[in-house]
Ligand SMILES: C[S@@+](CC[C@H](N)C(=O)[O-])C[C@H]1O[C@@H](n2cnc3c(N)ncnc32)[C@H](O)[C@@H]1O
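What follows is one chain in structure tokens, specifically the form predicted alone.
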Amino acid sequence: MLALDNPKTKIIEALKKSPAMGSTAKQIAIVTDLEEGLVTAELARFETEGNAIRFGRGLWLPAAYEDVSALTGFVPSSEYDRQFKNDHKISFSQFKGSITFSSNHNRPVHRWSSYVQGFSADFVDQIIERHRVTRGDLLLDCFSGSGTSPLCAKLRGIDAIGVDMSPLMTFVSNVKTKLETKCLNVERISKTLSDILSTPFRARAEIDLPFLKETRNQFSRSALESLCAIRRSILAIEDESIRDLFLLGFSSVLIDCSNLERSPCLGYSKNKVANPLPPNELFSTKVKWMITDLHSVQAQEDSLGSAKILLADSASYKYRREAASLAVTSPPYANGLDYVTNYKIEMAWLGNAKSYEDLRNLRDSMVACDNVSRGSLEKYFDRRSLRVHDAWLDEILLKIERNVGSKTTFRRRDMHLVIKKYFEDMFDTFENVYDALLPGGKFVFVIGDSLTAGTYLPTDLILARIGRAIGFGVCDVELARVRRSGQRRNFKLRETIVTLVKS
């Protein structure tokens, strides 16, 4: 507790304790021993007077600290860029084109499922053409997500391997890359859809609901009854390929039918209105899209490549050595999205997870994000010999640890270890990609930087430096688009395309 008695002074002094990160009203109340309601009211008054600013998820700062780059000891992106250019004798370029998944909504097969964190098929096609990858070559994606890279390769007659730790995403990718007539007979699909829609069905929601406790808040009662009935009918389909196709179509309409939105994180929104169409109509429309796309693809199926999708950890999976001409991917971002929480609705309804313990175990097994459990993090470092030795990263981790330590209350005291594990996971993954590539093969990845605990983290450049330590050469760094920090909306971040080569 601060010694000063004046509530206003207490609050101002508490705000000044964490200029790099800001504090919530609740955190300030704990530090000052004041009522949270009083703190909230005072902060609102400070904001009106121009003495405090609110940003991020209810964080507050004195107005003088609004510009994080002006803080003592803050190293901006421009300084890292300058050093990197000097060290590697390259100039950054500007990528011409879109990298976001949104353009995939108009592409056959790609549109079967939406993936906010995915990249565009146009981008993958451009990279394939740029590096002259053709029929007979092999493309790999070590974080294949919803399968954009393997699907692009397959449609071009190129063989592909996709690896992902998410059972939901490997399911999605497998369905989207098994397009041949021997897998999916269009006439049989159409008849099965007609049978499902014409047969009266009823499901008791209290029996058929997934395990998520919040399910009844996420959907209206009528939507739940309809969704449960549709899912039960789908699970009764004997043909596994058609059953999986229908499950994918079913999963892709869940968020539309709900009170939730994903932009990019899953959550409730005051402005969200569930699609007024009943779930069976949304589901029917999606399957009819699939039928249309299959007609088009199967007319040219002799020219398709093969695609192998694996549920595996990219940090430990060993590919066939010197087999791939190109690797293209977008890894998770450091301290980024919790992919398990963000897609728990689909995983629960499809049975990819059957309990909260399943979700927690899956999260702990994936590339580290800031929701990884503390226990799993401790076990990781207890049995791990550290492999990443980077001067930039060491300095950044020390700053993050120092900034977190300066706050009496912070969500994670071990945030520096979360970031450390992220780069250890990336080292192992990059090493496996290196082994899989042919000499001269390219490794192209899309990545974003971040602002963590008031410290700038040039993830793109550190990963490129890690690549150099493994044996890659740095070919190019292309600036793709500008983003905004979730921590401070006025702080500009970027997404970058880094190209490495196996020398």
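For every residue, the number given is its place in the sequence shown, counted from 1. The shown structure was predicted, so the numbers you read here are calculated from the model rather than taken from an experiment.
What follows is about the form predicted in complex with this ligand, which we do not show.
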{"item": "Answer option from Cys183, Leu224, Met366, Val253, heavy atom within 4.5 Å of this ligand in the predicted bound form", "value": "Met366"}
{"item": "Single option in Tyr356, Tyr115, Trp392, Phe381 placed near this ligand in the predicted bound form, where near means a heavy atom within 4.5 Å", "value": "Tyr115"}
{"item": "Partner-proximal stretch of 183-191, 372-380, 327-335, 82-90 relative to this ligand in the predicted bound form, 4.5 angstroms, heavy atom", "value": "327-335"}
{"item": "4.5 Å heavy atom contact, Tyr339 to this ligand in the predicted bound form", "value": "yes"}
{"item": "Contact flag, Ser166 vs this ligand in the predicted bound form, heavy atom cut 4.5 Å", "value": "yes"}
{"item": "4.5 Å heavy atom contact, Phe219 and this ligand in the predicted bound form", "value": "no"}
{"item": "Interface membership of Glu424, this ligand in the predicted bound form, 4.5 Å heavy atom rule", "value": "no"}
{"item": "Residues in 291-313 close to this ligand in the predicted bound form, defined by a heavy atom within 4.5 Å, in order", "value": "Ala312, Asp313"}
